[in-house]
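Presented below, as structure tokens, is a lone chain in the form predicted alone.
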């Protein structure tokens, strides 16, 4: 099965509510990650690397930064005459014009119906992983499934909104599906839970969507997934590589910090399936006399004059003399003054930390400095 017969649909606002600190002005898909990427880069790169060349991004709200980042899709080789990248913004100008992801999908039906592809791949964009979808598609064809959901085995991440936990038989057919069970991995149990990726025929998807809209059943997890798992032949596909879902500020911090592990980096940034992103042309980073950098990821265009340890520093960051940065995530164009001391801090874009300031969080409770704030 070739990826050219698959339409990719990405939902950049699903799970926005999980991280209000980082999504007050942007979609969760637009959150910076790893010093140079956005979360949506992993979703779209996985699609492109699997041969999918038509992708629709079904936006609900706060999509200005998303549009700026994605542009024409050139960075992902999606700037094409046929296929390519399309950002599907919601209709109307009112605040309540569109209320749910389901309604946004329904408003995009014109785009979906006119796409020549036979199948659709539905993905959210708050998970960090590198996946070859062709293996999932191959299983779908072999089993004769109506719908195939991707799932992982493990503990449900803290803050995951209404996780769907499944039970499968020996050939991965889904026998049971429950939402947010009381006895779950938060109590120390590992389970199989969906990671919001589904594959099916386009015609079936449109039929289910139209049925849900006609019944005013607008909860995508309960009405599109849970209400239909017994009606159709539904299988699960287990993803066994590294996958981390960003579902809270704590999980965002830990997922970024996991990049310090060379095994995680090797899994995520596979040379055969690269992760693409919008390129910002900057000069190489400059390191001043007496500076010290240990176990950190430093993007281009930075000026480092102080000490940096176990941290992720994005493009264009300036760290002043005598400053000490430990276990921090510093987003692009942030200025940190001389002799400042930061530990377990997440600084959003364009923040300013003045001279001699000291901020200290904890591994399970990092401090967040909002975009363009001055401390």
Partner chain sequence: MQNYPKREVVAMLLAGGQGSRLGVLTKDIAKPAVPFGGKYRIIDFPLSNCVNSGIDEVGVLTQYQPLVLNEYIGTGQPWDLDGIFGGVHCLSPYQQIEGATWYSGTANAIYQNINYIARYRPEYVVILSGDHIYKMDYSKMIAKHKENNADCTIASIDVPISEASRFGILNTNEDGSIYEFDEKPAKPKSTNASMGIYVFTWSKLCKYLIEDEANENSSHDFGKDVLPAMLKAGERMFAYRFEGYWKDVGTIESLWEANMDLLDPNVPLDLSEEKDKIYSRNPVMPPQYVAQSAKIQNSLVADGCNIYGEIEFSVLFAGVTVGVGAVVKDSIIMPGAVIDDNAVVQYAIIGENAHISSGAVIGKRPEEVENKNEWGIAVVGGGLTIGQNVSVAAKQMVYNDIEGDSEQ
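Numbering follows the first chain given and starts at 1. As the structure is a prediction and not an experimental result, all values here were calculated from the model.
Omitted here: the form predicted together with its partner chain. The next part is about that form.
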Residue within 4.5 Å of its partner chain in the predicted complex by heavy atom, from 36, 62, 349, 341, is 36
Checked 155, 80, 265, 118 for heavy atoms within 4.5 Å of its partner chain in the predicted complex; positive is 265
| query | For the spot marked by 67, 89 and 102, is every residue within 4.5 Å of its partner chain in the predicted complex through some heavy atom? | reply | no
In contact with its partner chain in the predicted complex (heavy atoms, 4.5 Å), from 22 to 30, 341 to 349, 309 to 317, 50 to 58, is stretch 309 to 317
(message) Is it the case that residue 296, even though its partner is missing from this view, gets within 4.5 Å of its partner chain in the predicted complex, heavy atoms only?
(response) yes
Checklist line | Close approach of residue 280 to its partner chain in the predicted complex, 4.5 Å, heavy atom | finding: yes
Looking at the partner-bound form in the predicted complex, is residue 288 within 4.5 Å of its partner chain by any heavy atom?
-> yes
ask   = Is the gap between residue 106 and its partner chain in the predicted complex 4.5 Å or less for some heavy atom pair?
value = no
Contact check, 56 to 85 vs its partner chain in the predicted complex, heavy atom within 4.5 Å, ordered by sequence, gives 74
